[in-house]
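Shown below, as structure tokens, is a lone chain in the form predicted on its own; questions about how it binds or moves come after it.
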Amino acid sequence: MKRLKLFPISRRAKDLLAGKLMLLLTILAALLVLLMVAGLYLKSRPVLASQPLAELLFSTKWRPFRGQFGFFPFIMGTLWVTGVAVLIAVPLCLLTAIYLSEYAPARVREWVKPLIDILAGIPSVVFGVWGMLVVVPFIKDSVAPFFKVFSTGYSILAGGIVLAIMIFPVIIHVALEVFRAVPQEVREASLAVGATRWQTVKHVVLRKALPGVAAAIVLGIARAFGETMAVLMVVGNVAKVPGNVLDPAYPLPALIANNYGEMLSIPLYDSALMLAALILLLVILLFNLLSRAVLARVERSIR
């Protein structure tokens, strides 16, 4: 009888121990982000103490040898490249997701989705090499002469095109899941009152899925904001505020990748690069939190 009593106690103890262990691992995983933010902030304190934050963020003077670290050209370069990528990617991705969700036969859908997954798994350096061999010469020889301007091809437009292709899978997958989460009864009710399929998609499905579509776009922006290697290879890396999409730019990820470890003998240079990494991390965290909040809202509204 004693053995029969001990067995349930032992099992409950193991279950409790496993639960506590998983809780500890979950907390540690969540704390990693906070530890990264804290570590980058501590490393950034010397440059923050040397110049006001407003001057660091809005100054265009990047002269490390003189102790001048103005991040404005790099922030604007990041925004320009990300903006061009989103403008290219969003219409194409939404139309693709609408076709796969509302029009495509099941066989086509099953063939296309693995291809999109393969696109997501291609290393970024491969996209960069493809951009150098195809996109950059196309912009130099065709796009720039068409607008009667000179461009080496290494430009915001080249970075935006490459980056748009890289974020296709993110936006398509999320948008597709959001469209398919819209109840079929809503579509049937719209069709029953005489609406065409496109009218149903435009006025019913899209309206119902709009918060989720917004979340997909925000996730794509967050993915584009932190991309490094492919953009670094095609964007030109010139530290000035761009004036148009055919100008070169220098995004924050490229600044960190190009310079960290090479010029750290310059005072405050490593601290400035850590501040650039902190800015990038905080912006990506903001976009991800925003997208999660929007996704939670659309799930509640659909239910």
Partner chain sequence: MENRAHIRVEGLNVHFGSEHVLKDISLSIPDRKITAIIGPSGCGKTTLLRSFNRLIDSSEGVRVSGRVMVDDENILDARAEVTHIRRKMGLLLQRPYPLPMSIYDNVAYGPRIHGIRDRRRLDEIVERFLSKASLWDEVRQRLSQPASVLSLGQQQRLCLARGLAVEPEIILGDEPTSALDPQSSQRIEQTFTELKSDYTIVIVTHILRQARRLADHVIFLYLGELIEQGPAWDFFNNPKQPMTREYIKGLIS
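Residue numbers count along the first chain shown, from 1. A quick note: this is a predicted structure, and the numbers were derived from the prediction, not measured.
Beyond what is shown, the protein has a form predicted together with its partner chain; the following relates to that form.
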item: Contact assignment for its partner chain in the model of the complex, among 129, 88, 204, 181, heavy atom within 4.5 Å; value: 204
item: Listed residue (191, 119, 95, 149) with a non-hydrogen atom within 4.5 angstroms of its partner chain in the model of the complex; value: 191
item: Partner contact for residue 140 in the model of the complex: its partner chain, 4.5 angstroms, heavy atom; value: no
item: Contact of residue 228 with its partner chain in the model of the complex (heavy atom, 4.5 Å); value: no
item: Interface membership of residue 75, its partner chain in the model of the complex, 4.5 Å heavy atom rule; value: no
item: 4.5 Å heavy atom contact, residue 200 to its partner chain in the model of the complex; value: yes
item: Whether 105, 196 and 208 all lie within 4.5 angstroms of its partner chain in the model of the complex by heavy atom; value: yes
item: Stretch in contact, per heavy atom within 4.5 angstroms of its partner chain in the model of the complex, of 105 to 113, 153 to 161, 76 to 84, 120 to 128; value: 105 to 113
